[in-house]
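Coming up is one lone chain in structure tokens, specifically the form predicted alone.
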């Protein structure tokens, strides 16, 4: 897969509910992540009933992948259906919050692509709506939730394999593939900035692996180094974080994946603990293996390499379905989903512009 915008992992079906118990809909097909979001939910037992987008071409393409999805005549037709329990959406980033508020007002839970907001004002509207209704505003932080090596790293940390996590360094290079990108992708007001967009993945991983509930942004930087033809594009972003538990972190995101790499980005995470470290080579083990999901663990007991593709699965989606049905927070707490977005937006706001 050479383009991250169409990255849609498929795993083994592991339904947590019987057929027909958990019906969902897709609204907003502006980003290809909607395919991965729906794949994950369907594999966990969801039934995709409806699809709606103002662009019929996008709907036709979506129905080729999900032929059981009926095309709705309007967004309101979906929101009025009492059978639909959750709406998945990958709208233009600046429009994701408005869609989520409408979904929650209709009595349904919302599952949006990252970044879930482009402004802190949107985040506060969503927080208020969730507090008012107890609806869920969940976020597809796919670089952890839909990557088996990232899931496995969390399991290793939980088991104490590297002791207390002290530092997380995340690297999220992406392939730009500019000719295939829609116009909104290059408009800052609509995509929100590189840290508010793809940087949310990195912030979420930092919070999850360190166990921090909050973090200060110590430093941030954004730049358009090499794409003057797109003056509002930020092709590089980085930030340093200090967690409320003392853990520190750094991440870098960019649009500089070279053409020779056979995947959309050489995404990596290096997690340093008091008793060892873990390295994730998520999408490729460059110049060695074109396979995905390589985990390297070094601790006091030894040095280990785990190739976990096809062995771990994606538990988030089943947990999310059960959370929606039982009103629990097993998959991800609402506070965590919002906090990752908040920190990314703050890092975006304070970032030095090179």
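Residue numbers count along the first chain shown, from 1. Keep in mind that what you see is a predicted model, and the values were worked out from it rather than measured.
The same protein has a further form, the form predicted together with another copy of the chain, not shown here; the description that follows concerns it.
Heavy atoms within 4.5 Å of another copy of the chain in the predicted complex map, among the stretches 254-262, 178-186, 114-122, 68-76, onto 254-262 alone. For the candidate set 300, 311, 60, 327, a heavy atom within 4.5 Å of another copy of the chain in the predicted complex is found for exactly one residue, namely 300.
This chain is drawn without another copy of the chain; in the predicted complex, the residue among 92, 151, 106, 221 with a heavy atom within 4.5 Å of it is 221. Residues 284, 287 and 354 are all found to lie within 4.5 Å of another copy of the chain in the predicted complex, as judged by heavy atom distances.
Taking the partner from the other structure, another copy of the chain in the predicted complex has a heavy atom within 4.5 Å of a heavy atom of residue 270. Heavy atoms of residue 160 never reach within 4.5 Å of another copy of the chain in the predicted complex, leaving it off the interface. Within 4.5 Å of any heavy atom of another copy of the chain in the predicted complex lies no heavy atom of residue 49. Although the partner is absent here, residue 133 is not a contact residue: none of its heavy atoms lies within 4.5 angstroms of another copy of the chain in the predicted complex. Contacts between 150-166 and another copy of the chain, taken as any heavy atom within 4.5 Å in the predicted complex, involve 164, 166.
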